[in-house]
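First comes one chain, alone, set out as C-alpha cells in the form predicted alone.
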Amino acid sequence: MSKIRIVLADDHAVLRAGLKLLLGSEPDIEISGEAASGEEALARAAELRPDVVVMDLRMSDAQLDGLEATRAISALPDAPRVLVLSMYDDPAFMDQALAAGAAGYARKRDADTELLSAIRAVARGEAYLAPALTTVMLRRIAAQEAGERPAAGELSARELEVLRHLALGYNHRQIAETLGLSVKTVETYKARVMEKLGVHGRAGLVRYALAHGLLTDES
C-alpha cells in the first residue's frame, strides 16, 4: 500500500512533535519532513515532493507566513496538496486559505478527531473543510446569496463538472485529464463559470458549490 507522504509545517516544535505522534502510528501515513517557517515549508515541498503539506496558517516568519507559503507551494509544478491546520475559528480565515490554493482547512482544536480524515481526503484529491466552520459559512452564504445569483441549473452540464472539480481542489491539468479536455478549454470554462456566477477565485467557487449542494456524494 502506497503511503501518504506528509510535510509538517508549524513554528511550534511541541505541536509538531504531537502531530508526529498522532500520525506516526498510521500505516498509510509517512512523515517525510518538517518545517518551522513558511520559507522552510516551501523548500521542503519543492525538495521532498510530498503528497500533503500540513500547514499552520500564521507562522512567525517575516518573509513568508503560512498563507503566503500555501500560495507559493500551490504554484509549484505537480504541487502537493496543502491542508491548513489553524487555530482560527473565523470562516474568513478559511476563505483566505482556500483563495491561496489550500485544498483543505482543519482546526487545531479538532486535530485529534479530524486531522486523519482531513489528510486522507485531500490526498484523494478531495476538499476538506472544518465541519464547525462550514455550518457557519453556509448560513452566511444562504443569507447573502438568496435570489442574487443564477441557480446551478443555469450552468451547462460541462460547466457544472468543471465547477465541481475546481471546488474539490483539482488543478487545471487534473481537470483536463479527468474530463478529457485541454487545459486551455478548462481555463475557458472556469472563466465562463465565474462570469456567470459573479464570483472570483477558488474561494468563491467553493462557497457557491457548497451553498448549492454540488459537493455531496449525489452531485
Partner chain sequence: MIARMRRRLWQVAGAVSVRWKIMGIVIAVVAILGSAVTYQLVMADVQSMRAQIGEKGLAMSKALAARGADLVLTNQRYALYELATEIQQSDRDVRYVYITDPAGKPIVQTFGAGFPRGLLALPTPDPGAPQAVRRLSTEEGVVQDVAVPILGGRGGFAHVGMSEARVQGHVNKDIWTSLAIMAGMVLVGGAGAFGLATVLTRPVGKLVEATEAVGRGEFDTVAPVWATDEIGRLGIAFNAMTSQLRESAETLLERNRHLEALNAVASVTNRSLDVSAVLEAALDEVLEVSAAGAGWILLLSHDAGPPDGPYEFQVVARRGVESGGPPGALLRQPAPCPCSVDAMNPGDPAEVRVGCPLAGQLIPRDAEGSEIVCVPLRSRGVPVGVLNLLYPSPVALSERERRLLLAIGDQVGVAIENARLLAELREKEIVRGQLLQQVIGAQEDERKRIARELHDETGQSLTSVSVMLKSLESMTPPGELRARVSEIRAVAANAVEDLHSLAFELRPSVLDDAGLAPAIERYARDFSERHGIALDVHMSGIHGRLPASVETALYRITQEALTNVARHAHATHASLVIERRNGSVLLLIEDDGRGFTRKPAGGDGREHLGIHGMEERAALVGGTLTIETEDGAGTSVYVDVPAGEEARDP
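Under this definition, the rigid core comprises the largest set of C-alpha atoms superposing within 1.5 Å between the forms. It should be emphasised that the depicted structure is a prediction, and the values quoted were computed from it without experimental measurement. Numbering follows the first chain given and starts at 1.
Omitted here: the form predicted together with its partner chain. The next part is about that form.
You can rule out all but one of 154-162, 169-177, 46-54, 30-38: in the predicted complex, only 169-177 has residues with a heavy atom within 4.5 Å of its partner chain. Taking the partner from elsewhere, residue 91 is found to have a heavy atom lying within 4.5 Å of its partner chain in the predicted complex.
Shown alone here, residue 76 lies farther than 4.5 Å from its partner chain in the predicted complex, counting heavy atoms only. With a 4.5 Å cutoff on heavy atoms, residue 113 counts as touching its partner chain in the predicted complex. Residue 68 falls outside the set of residues with a heavy atom inside 4.5 Å of its partner chain in the predicted complex. Of all the residues from 4-19, those having a non-hydrogen atom no more than 4.5 Å from its partner chain in the predicted complex are 10, 11, 12, 14, 15, 17, 18, 19. After superposition on the rigid core, the Cα of residue 46 moves by less than 2 Å between this form and the one not shown. Core-superposed comparison between this form and the one not shown: the Cα of residue 206 travels 2 Å or more.
In the core-superposed comparison between this form and the one not shown, residue 69 has its Cα shifted by less than 2 Å.
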